[in-house]
Ligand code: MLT
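A single chain comes next, written as structure tokens; it is the form predicted on its own.
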Amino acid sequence: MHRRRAPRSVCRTLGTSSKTPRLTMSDPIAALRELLSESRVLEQADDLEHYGRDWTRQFPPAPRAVVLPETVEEVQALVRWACAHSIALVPSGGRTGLSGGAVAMHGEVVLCMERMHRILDFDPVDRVLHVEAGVVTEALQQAAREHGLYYPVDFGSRGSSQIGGNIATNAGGIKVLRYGMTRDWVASLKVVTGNGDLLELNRDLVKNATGYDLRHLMIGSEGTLGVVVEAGIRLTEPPPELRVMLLAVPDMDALMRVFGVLRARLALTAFEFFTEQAMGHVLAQGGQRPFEGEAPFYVLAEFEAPDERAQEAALAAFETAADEAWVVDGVISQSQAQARQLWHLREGITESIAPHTPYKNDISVRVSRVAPFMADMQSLFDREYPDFEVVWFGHIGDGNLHIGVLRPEDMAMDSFTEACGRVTGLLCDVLEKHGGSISAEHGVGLLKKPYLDRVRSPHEIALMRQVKAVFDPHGILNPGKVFD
């Protein structure tokens, strides 16, 4: 981290709270305890291990301490404390990211938002729910249901991911095809900058043509420009009854042909795919195979089914695909319980392969380029990963693919990461050819940082650095993430 003493006007005090002490430059952690109390400054080894990492396992956590603020004012005070002592902060939510964006490995202080988990208020006219950054995604979805409405951004980590982290990475998930990304549902933000200033962005307005929309600059910035402390989240009407169709697909070329047939005839809310290897890992942890035989690929399609005609359309679409030999078997859910069982085959993949400490690529291309990109990618992996098991799955309906390379038990982590990094560099060549991105929905963090210049021009990166310097002039917010 670039270390630089902040101006006297910024660093004289820790904040405006009645608990604010004068800074003691010789003992910064003592100042933290005075600010937050002993119980909210964690220094035990198991706490540092737990809070210092996300779902990646390539980077050993080594934070200096973990702090647990409970108010916006405390977050501001903590940022000013960090400025005064030139100590980096790593904002932390549910830590479900897969790019190392929430890893603290160089003596940073983890700024954990889990105690800022209040649902603040709801405006029934604007249909906006105001929440603190530590609200868990599933709790936000439940709050929407209690108001007869729907929050559609959804993913397998809904029970542990937090809305602040979702915003920081512009999380997508399984319903992007129908509802878009997190960005599309953020009506307003409160953000603490690297100076400790509080920005109130957009104030829930639908139309606001008054210059740059800094709200959207913060979304996806991975905690490098500011700390999201509160958000106004738009809600929408609940969908009609949803059905899930699981199809066995004989080859890669048929995947997008099936997508074309279903998209033309059904109101799709999700279109996912995974391989037989992926299903095998999920079933190894329990569950029943939905088909008698095996297929190399599977498609999971969720669609709105408000009446009999929708179900008839789904069956007709299946028959068309079967006649063309694009599918070899299929099932359609007839209850919510059956739909959950089918979804588990897709959503259980990440957890099922976690014991193998996978190296994960989260990539995207335009939907029109998915088929040729996958063919090129398969050739690359067959050539470069002959001894590794590669598990494919993802949100293929919006062009997002997840690739999990599983570490052999007898291979050291350093050697494994080096081998995977070399192939990821080659994967960037394929992405450049097809105009894709090295990160679709998990950010850049530490894992994808070496490849940023493969998908962003030098001029773009230079502008990003200038933006970073404006919002975080002391370089204390998640330094080393996205770029050095």
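The first residue of the sequence shown is number 1, and the count goes up from there. Source: prediction; values computed, not measured.
The form predicted together with the named molecule exists for this protein as well; it is not shown, and the discussion that follows is about that form.
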{"query": "Which of 313-321, 124-132, 106-114, 390-398 sits within 4.5 Å of the named molecule in the model of the complex, heavy atom basis", "finding": "390-398"}
{"query": "Candidate from Lys360, Arg263, His85, Arg243 lying within 4.5 Å of the named molecule in the model of the complex - any heavy atom", "finding": "Lys360"}
{"query": "Of His281, Arg346, Arg215, Arg80, the one that lies within 4.5 Å of the named molecule in the model of the complex (heavy atoms)", "finding": "Arg346"}
{"query": "Distance check, Thr350 to the named molecule in the model of the complex, heavy atom within 4.5 Å", "finding": "yes"}
{"query": "4.5 Å heavy atom contact, His402 to the named molecule in the model of the complex", "finding": "yes"}
{"query": "In the model of the complex, Arg53 touching the named molecule (heavy atom, 4.5 Å)", "finding": "no"}
{"query": "Non-hydrogen atom contact His442 with the named molecule in the model of the complex at 4.5 angstroms", "finding": "yes"}
{"query": "Residues within stretch 65-103 having a non-hydrogen atom within 4.5 Å of the named molecule in the model of the complex", "finding": "Leu98"}
